[in-house]
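Only one chain comes next, encoded as structure tokens, the form predicted alone.
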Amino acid sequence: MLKRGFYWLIPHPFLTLILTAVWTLLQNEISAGMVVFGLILGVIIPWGTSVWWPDTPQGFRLGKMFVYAGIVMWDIVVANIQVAWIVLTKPNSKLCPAWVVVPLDLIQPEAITVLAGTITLTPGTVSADLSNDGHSLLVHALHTDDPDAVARDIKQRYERRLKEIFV
């Protein structure tokens, strides 16, 4: 009963924390009043928009999300270097772009959205489409010799971790 009451008051606790932090950081100085006002906004905005959210997130593991964010940031740095190398050293005629279909085991819309965003944030790949049934993601890779390896890497490196985060 306590959990139900808590989610009625704060339907998206993680979003509340993010909104509070963003509001506080956007101010020129950190003060108790701005933190409290950010917290008020962080409660009111998710509460007011909760009717448009499909489900309240359940079973989100914040600690694993921090690890995932670190991995994604590292991958972005590495992919930037790889894409720069490809752009500087490979002529267009030697590029091997590919469309890759990544079958999904994820079922939560939030987890699929994070996966698609991760793929798009990583240079060299772009999430282009989600199948109508939500069971596969269409990804464009800038250069690959093995499209199946791209799909395996996405599933192993990102989707596997997202399944642990969104339980």
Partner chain sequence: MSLDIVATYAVAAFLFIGAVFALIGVIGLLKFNDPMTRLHAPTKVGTVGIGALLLASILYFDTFHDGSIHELLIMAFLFVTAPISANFIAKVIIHQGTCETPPEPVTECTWSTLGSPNRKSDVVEAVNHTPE
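This structure is a prediction, so every number in the text was calculated from the model and none was measured. Numbering follows the first chain given and starts at 1.
Not on display, but discussed next: the form predicted in complex with its partner chain.
- prompt: Three residues, Ile10, Thr49 and Gly70; all within 4.5 Å of its partner chain in the model of the complex via heavy atoms?
  reply: No residue of the spot touches its partner chain in the model of the complex.
query: Given that its partner chain is left out here, which of Val36, Ile44, Leu62, Leu26 has a heavy atom within 4.5 Å of it in the model of the complex?
result: Checking each option against its partner chain in the model of the complex, the one that comes within 4.5 Å is Leu26.
message: Please tell me whether any heavy atom belonging to Lys90 falls inside 4.5 Å of a heavy atom of its partner chain, as the geometry stands in the model of the complex.
response: Judged by the heavy-atom cut-off of 4.5 Å, Lys90 is in contact with its partner chain in the model of the complex.
query: Taking the shortest heavy atom distance, is Ile40 within 4.5 Å of its partner chain in the model of the complex?
result: No, no contact at 4.5 Å.
- prompt: Contact between Asp105 and its partner chain in the model of the complex at 4.5 Å, heavy atoms?
  reply: It does not: once its partner chain is placed as it appears in the model of the complex, Asp105 has no heavy atom within 4.5 Å of it.
query: Going by a heavy atom distance of 4.5 Å, is Ser31 a contact of its partner chain in the model of the complex?
result: It does not: once its partner chain is placed as it appears in the model of the complex, Ser31 has no heavy atom within 4.5 Å of it.
Its partner chain in the model of the complex - contacting residues of 69-89, heavy atom within 4.5 Å: If the 4.5 Å heavy-atom criterion is applied to its partner chain in the model of the complex, 69-89 yields Met73, Ile76, Val77, Ala79, Asn80, Ile81, Val83, Ala84, Ile86, Val87, Leu88.
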